[in-house]
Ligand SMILES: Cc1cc2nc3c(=O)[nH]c(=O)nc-3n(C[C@H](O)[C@H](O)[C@H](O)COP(=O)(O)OP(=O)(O)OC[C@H]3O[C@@H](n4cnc5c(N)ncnc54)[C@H](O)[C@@H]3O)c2cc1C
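For reference, the chain that follows is the form predicted alone, supplied as structure tokens.
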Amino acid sequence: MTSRSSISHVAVLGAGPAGLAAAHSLTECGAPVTTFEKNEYVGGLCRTMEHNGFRFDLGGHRWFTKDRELHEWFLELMDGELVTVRRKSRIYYAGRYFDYPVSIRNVLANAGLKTSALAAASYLAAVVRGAFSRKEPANLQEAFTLQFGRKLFEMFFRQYSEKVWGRPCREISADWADQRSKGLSVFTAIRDAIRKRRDVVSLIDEFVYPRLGYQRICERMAEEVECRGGQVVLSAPIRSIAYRGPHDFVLEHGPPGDSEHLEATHVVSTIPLSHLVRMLEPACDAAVRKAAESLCFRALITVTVMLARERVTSDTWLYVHDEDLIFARIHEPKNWSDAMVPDSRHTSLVCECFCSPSDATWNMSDEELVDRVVTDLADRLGFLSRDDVIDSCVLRTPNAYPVYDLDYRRKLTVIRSHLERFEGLFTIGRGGLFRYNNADHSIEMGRRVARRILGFEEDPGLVNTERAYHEEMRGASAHAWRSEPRDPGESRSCDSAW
């Protein structure tokens, strides 16, 4: 078990949800922590932008978790700042709207008899093939087809997935489907529609949300970290990390010619693995560098249009599958919180355009992007009139989504084998583990790595690896979620770590 004297300082790289959760838990137990953030704000991808009285997230983020203790921690952290949002998510496909997650009853009602019959037949064919084959799906196309059948895959998964990832589904690892929809299929949807199970709690129908935007979660953690004596240093990119031996690091940070150094016994990194590998000294060999540099991240451009009208949709999210439309997902912040708009007479639409830094979309000017988005909203979808648009804002985010290509597991094995040599270094979060985490997963990882540093037996790498559908709880955990919360004064056992 780690002793208090052996933790002279913990350096956290990145002030997103994972990094700040680690710093929050460590400072709660009195450990000295400095968190470095290259941006001038905390939150990372959980950023809330304010523009001329409008507030909006980089894509809509909601809070949900299966971990009851984590949920109670979150409610305590955000006490007085939360609103409850009734979720309504839909898919726009071929000029029609379908419920998301996919509802069998809704598909049968909207798709028509012929399409429904084809969907049912293709699903049954997939079931039969699966019954006589033990072969694991080799890619995303095979995985979704096995779960839903070829017709529903084409309707609800192929186009959207390929817009998001920028490559055919057969070039994306089946791990994506395994992580995001394992246990969900046409069969389970029909079963649960016919017979509502009492031991199932859905995390889909409603969620809690910070009234002033999702970034408030990270802001609140940063506030408490600093109140406890920890430091959160903004506009402070890390230039290098020298490893002198077990639990002996020297970090260089700051602008060239005016850099500073910090000694640390532990380093918690949430930055992309490809960046981390290049920072570490001694340098890695060519094979590790090649593996790190070949990890792919998808970029995101968020185009927000502000409108002089009360509301456009009733959706929290709208998934847009049409390949000719530049955006893949839309959300209307006003449907999440009234505080996201200046007054009741206005609303906004946040349109997410997935791209890569080398492609045509990324290289469009802000003016071109806004014009294209407004054209699609007004002329293609009929959601608004051009006269409704009173303002706009474009934000570009590189390294937003880790791409699970067919070789990513091998690359990660090479990188992790190298990083294991640096005793006292931990990687967590979406970028640090190259894993598509939700914010609750990243926060749970941060809290677990803090306990690991404090001497408890914890493995932050096990977060977000379960094989159950991630938006449902079944059995005993469902009943526990319904029970009364624990006493807020209950001990968190910091002292036992020392």
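Start at 1 with the first residue shown and count on from there. Bear in mind that the values here come from a model prediction, so they are computed numbers and not experimental data.
One more form of this protein, predicted together with the ligand, exists but is not displayed; see below.
Exercise. Please pick, from Lys151, Arg372, Arg329, His247, the one residue with any non-hydrogen atom lying within 4.5 angstroms of the ligand in the predicted complex.
Key: For this set of options, the contacting one is Arg329.
Self-check item: Sole residue of Phe144, Tyr214, Phe426, Tyr404 within 4.5 Å of the ligand in the predicted complex, by heavy atom
Solution: That would be Tyr214.
Quiz item: Taking heavy atoms and a 4.5 Å cut-off, does Asp440 contact the ligand in the predicted complex?
Solution: Asp440 belongs to the contact set for the ligand.
Quiz item: Is there a non-hydrogen atom of Gly43 within 4.5 angstroms of a non-hydrogen atom of the ligand in the predicted complex?
Solution: So Gly43 counts as contacting the ligand.
Exercise. Give a yes or no for Lys66: in the predicted complex, does one of its heavy atoms lie within 4.5 Å of a heavy atom belonging to the ligand?
Key: Contact check for Lys66: no, nothing within 4.5 Å of the ligand in the predicted complex.
Quiz item: Val10: heavy atom within 4.5 Å of the ligand in the predicted complex?
Solution: Val10: no, not in contact with the ligand in the predicted complex.
Practice problem: Have a look at 105-113, 82-90, 269-277, 124-132 and name the one stretch with heavy atoms inside 4.5 Å of the ligand in the predicted complex. | Solution: Comparing against the ligand in the predicted complex, the contact stretch is 269-277.
Quiz prompt | Joint contact, Phe36, Gly60 and Pro237 to the ligand in the predicted complex, by non-hydrogen atom at 4.5 Å | solution = Yes, each of Phe36, Gly60 and Pro237 comes within 4.5 Å of the ligand in the predicted complex.
Quiz prompt | Contacts with the ligand in the predicted complex, stretch 333-372 (heavy atom within 4.5 Å) | solution = Only a single residue, Glu352, comes within 4.5 Å of the partner.
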